[in-house]
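Only one chain is included here, represented as structure tokens and corresponding to the form predicted on its own.
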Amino acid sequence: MGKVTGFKEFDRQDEAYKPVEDRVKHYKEFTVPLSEEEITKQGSRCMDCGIPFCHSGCPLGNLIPDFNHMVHQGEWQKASWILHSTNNFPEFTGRLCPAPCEQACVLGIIEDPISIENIEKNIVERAFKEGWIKPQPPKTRTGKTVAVVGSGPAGLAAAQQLNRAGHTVTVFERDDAIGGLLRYGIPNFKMEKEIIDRRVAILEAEGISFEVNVNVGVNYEVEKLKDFDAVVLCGGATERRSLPTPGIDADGVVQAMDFLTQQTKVVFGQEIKDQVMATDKNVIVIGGGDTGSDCIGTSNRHGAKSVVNFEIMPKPPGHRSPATPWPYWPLQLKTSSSHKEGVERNWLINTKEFVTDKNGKLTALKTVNVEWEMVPGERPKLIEIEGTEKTWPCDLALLALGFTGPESTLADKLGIERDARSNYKAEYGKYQTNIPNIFAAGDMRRGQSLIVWAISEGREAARQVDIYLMGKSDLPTKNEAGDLVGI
């Protein structure tokens, strides 16, 4: 695959970023694409490694060496066909996926891995530019109807696959635009929303119906779902985690998703009354994941006075930890483009109190340094370090603590069983709940996870729905070994 000696001849090259002082003035994407010549070289680095562990690293089972080889040969249209055969939305994953495939790349054992994610992005953008991505409506209809609840990556993938099988699909979205967390949970500077609109236009042209501002179980009676032959629940894991900390209700303590959603809506011309702004404020972001990073980037664009980040876990090593050897996902420090725009990062720190003035407005955070006591066979124990108490000036605290699971409304009203982690109970591989014609996929079934896993679950759930409705399915699937069948 690629050029036999390519990995020896060419070094890895990634997209550059526009200067910080320029990009923090706007909410547009700010990557500087590589030239076609350079991208071709990157495809040429793919080794003839015999067993491509990138396949197992990718939840979709993308045929990575195959599309890398097509890029190496300049066969971009073939590369697009191969990529889309396993991934409905590479324009999403090519921008937002943490690329577990790259961490499983065989070349990564000795050198920098293949830049798979960037190659993927370039393939799909070239395909849109050349007009190769066209609606593919089914030739015949089965007469079966399916409701998909939720229009995030899992819901959109399930909808497209089911539509291709000939079923009539309606997607319900409770927000005012399609995309789920892709729409309002991901800042525009990471993925411009026209990218979603471009793909949704293809799906509509294929015959999928979309209904927005429809909150099933709230302003849309669950009884109406009985009008459909099958239902796929893809509502995500949206119950936000909070802190059992004194002062948590202070004016100035805000959930990260509220902060990010408001800003994205403002970018697209909506008026938000009392929008939460970081302008001229001392901002502390609690939580060190991707959402925390997004809050840092947004705060800097607001013109925050200072931005500080707290993480309760230890600082990861700069290189792959021996505890997570290749080809596993590594325990390793991640520094995002938002981190590079300006932030003071702190690890092993716990918030003890949100301090307010007499009017209930946040003025400071009290913290203590901590350490983790590890005892074999027991849960890690958090130990506070005496004498490390500190008070930090803070006007805005953003809680980027992740999600505890899906909301319970639909499960309660439909009578769907939930597992010990509060996820909608649906057997992996079958995706079927205790109600035979209702299926669940994505974060709603597996808990908070990656976009690439959501797409994979949507595709696999669609196949199981098709089997339920028709007794068989020609939709592609991954078998238990992770291999692709039916392509």
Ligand SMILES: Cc1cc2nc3c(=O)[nH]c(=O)nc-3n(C[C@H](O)[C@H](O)[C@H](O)COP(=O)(O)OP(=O)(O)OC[C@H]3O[C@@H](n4cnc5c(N)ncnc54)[C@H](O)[C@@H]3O)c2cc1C
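Sequential numbering from 1, following the sequence displayed. What you see is a predicted model; the values in this text were computed from it and never measured.
If you look for the form predicted in complex with this ligand, you will not find it shown, but the lines that follow are about it.
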Hey, in the predicted complex, is Asp395 touching this ligand, heavy atoms inside 4.5 Å? no
Partner proximity in the predicted complex: Asn215 to this ligand, non-hydrogen atom cutoff 4.5 Å: yes
Would you check, heavy atoms only and a 4.5 Å threshold, whether Pro98 touches this ligand in the predicted complex? yes
I'd like to know whether Asp175 contacts this ligand in the predicted complex, with contact meaning heavy atoms within 4.5 angstroms. yes
Within 4.5 angstroms, counting heavy atoms, which one of the listed stretches 439-447, 26-34, 426-434, 40-48 is next to this ligand in the predicted complex? 439-447
Counting heavy atoms only and using a 4.5 Å cut-off, do Asp66, Pro113 and Ile123 all touch this ligand in the predicted complex? no
Quick one: from Phe189, Phe403, Phe310, Phe354, grab the residue that has a heavy atom within 4.5 Å of this ligand in the predicted complex. Phe403
Which residues in 58-74 have a heavy atom within 4.5 Å of this ligand in the predicted complex? none
